[in-house]
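Read the single chain below, which is given as structure tokens and is the form predicted alone.
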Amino acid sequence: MRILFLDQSGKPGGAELCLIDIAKPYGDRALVGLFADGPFKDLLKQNHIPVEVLATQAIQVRKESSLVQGLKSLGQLAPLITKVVKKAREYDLIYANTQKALVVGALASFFSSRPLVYHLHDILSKEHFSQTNLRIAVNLANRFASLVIANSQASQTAFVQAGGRRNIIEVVYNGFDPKTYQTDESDINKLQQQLELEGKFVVGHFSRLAPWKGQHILIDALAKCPQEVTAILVGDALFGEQDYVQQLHQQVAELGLENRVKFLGFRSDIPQLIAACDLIAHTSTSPEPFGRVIVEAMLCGKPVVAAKAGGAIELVKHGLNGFLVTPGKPQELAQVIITCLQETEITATIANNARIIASERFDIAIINQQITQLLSHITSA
């Protein structure tokens, strides 16, 4: 089976990291077509996945864009669609990994007579998308997609509630290679020394810096915790959210937490950084489609506290393999942090449960097998 994968981003986010795991087994039988240049292209090459940047300029449509803005982009999309149609004829199916990729992939599918698969990494709701973009995504998926793969039951439910066809959507959770999260203790010790974290209780937050990801919630919670509790924020602003980054720095200064919050920016050594933490916090204020870092923390054998909404509640059972708190409630989060700081034996048991469960439930080999079976049904139909 030959697959043309499409992705809009030049930067590696959760959807892009998922795509690497899915495309990797296909080797030269796959091509990842990107709509923007950037570090994601380099990451694909490092994983020996064929990649090509298909667009010469960024597509000027965002999740909150109106119909008028969308129509203005059509002229810009025409050369890209033409290029994708030509490429698609060399492959058995088109696999759209993002919403902009869905728009281009749907039209390319029509003109190239190749089946379309849409991997839904979002909760299609008004909290995240304009009404126009919601309608476009659902209508294109309903009309052109042979299959929609949702990364959680929460994503599947939102798709159907937005008008998506229930008979074309299947839930397949993100997969992970457990070996990636086996870290060397000496490397972790060096990292803790470099970051001046020795003797601290370290709470890690791993995601792009954006208001709905809720880094400000963790900072507020930190102010209610003992002095030895420190936070590291790993990630950077991706989609013009620099104002929020400035607000976070201002919040840290106003609360007098300059020595207890470290902004590390985008990093490639995620498993090592997670292993250097005592607790991983997921603080999204809106429902998360999946919550990749939750599983990564589990695989590293680290306790995780997650916002009780969306895909996170499918991953975490409170008190068994992690902790759940009400979204947007720093006081609740602070209480869990203090519990983990003080109740070390119980916390260690929960973290060990999480590692065992996640290793079995999200193994990339099993997940890729599920996806291959679904794709085989389409190409053989």
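Given the structure is predicted, the values throughout are model-derived calculations rather than measurements. Note that residue numbering follows the sequence shown and begins at 1.
One more form of this protein should be noted, the form predicted in complex with a small molecule, which is absent from this view; the next part is about it.
Enquirer: Give me the residue from I81, L147, A162, V234 that has a heavy atom within 4.5 Å of the small molecule in the predicted bound form.
Expert: Spelling it out, the residue with a heavy atom inside the cut-off is V234.
Enquirer: Would you kindly say which of K87, K308, K200, R208 lies with a heavy atom within 4.5 Å of the small molecule in the predicted bound form?
Expert: In short, R208.
Enquirer: Among 189 to 197, 87 to 95, 289 to 297, 223 to 231, which stretch has residues whose heavy atoms lie within 4.5 Å of the small molecule in the predicted bound form?
Expert: That would be 289 to 297.
Enquirer: Does any heavy atom of G14 come within 4.5 Å of a heavy atom of the small molecule in the predicted bound form?
Expert: Judged by the heavy-atom cut-off of 4.5 Å, G14 is in contact with the small molecule in the predicted bound form.
Enquirer: Using the partner position in the predicted bound form, report whether I270 sits within 4.5 Å of the small molecule, counting heavy atoms only.
Expert: I270 belongs to the contact set for the small molecule.
Enquirer: Give a yes/no on whether F266 approaches the small molecule to within 4.5 Å in the predicted bound form, heavy atoms considered.
Expert: Flag for F266 set to yes.
Enquirer: Even though the small molecule is not shown here, does K100 get within 4.5 Å of it in the predicted bound form, heavy atoms only?
Expert: Looking in the predicted bound form, residue contacts with the small molecule do not include K100, since no heavy atom lies within 4.5 Å.
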